[in-house]
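Single chain ahead, by itself, as structure tokens, in the form predicted alone.
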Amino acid sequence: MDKEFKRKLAEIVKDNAWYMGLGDVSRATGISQTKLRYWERKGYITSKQGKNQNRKFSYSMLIKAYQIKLFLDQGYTLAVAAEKAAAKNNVLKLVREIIFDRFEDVDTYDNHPAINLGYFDEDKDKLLYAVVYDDGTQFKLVPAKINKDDQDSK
């Protein structure tokens, strides 16, 4: 993958530079706009002011709001649901950082899509791939010197 493209994509994803309006978040999550405004007043979710003072929520806030809803549906109080959702959001942020730090390219391995996660060892002898099969994802270590075309024949 082109290094500049990779850097820019990681920057966009890291900064959650995807925003949507209150109505969009409400439709996507099934949470009323009234509840979303209340949660924002309480500080459980945040937004940025868009044009004409419209609220703009980041993609990560949409996920957090939906997680709060799921925890509420399980019987948690709003405060506890928001706390649990914040903890989950921190885990998702960490996973996103790891993926974008390690992502090199998309290849194929064993005729399946595979994410090249770069060198596995300091000697740069092996590459780590996450290979996506119909029944799940498996990690594979592949000799770094192997020709990419040879991977398809494995």
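Everything numeric in this text was worked out from a predicted model, so none of it was measured. Start at 1 with the first residue shown and count on from there.
The next section is about a form of this same protein that is not shown, the form predicted in complex with the DNA.
- When contacts are judged by a 4.5 Å heavy atom cut-off, K69 does not count as touching the DNA in the predicted bound form.
- At the 4.5 Å threshold, heavy atoms of Q53 reach the DNA in the predicted bound form.
- Mapping the unseen interface onto this chain, T34 counts among the residues with a heavy atom inside 4.5 Å of the DNA in the predicted bound form.
- The DNA in the predicted bound form is approached by Q49, whose closest heavy atom lies within 4.5 angstroms of it.
- Contact with the DNA in the predicted bound form, defined as a heavy atom within 4.5 Å, holds for exactly one of Y38, Y119, F103, Y59, namely Y38.
- Residues V95, I115 and K140 are none of them found to lie within 4.5 Å of the DNA in the predicted bound form, as judged by heavy atom distances.
- The stretch among 125-133, 41-49, 81-89, 95-103 whose residues place heavy atoms within 4.5 Å of the DNA in the predicted bound form is 41-49.
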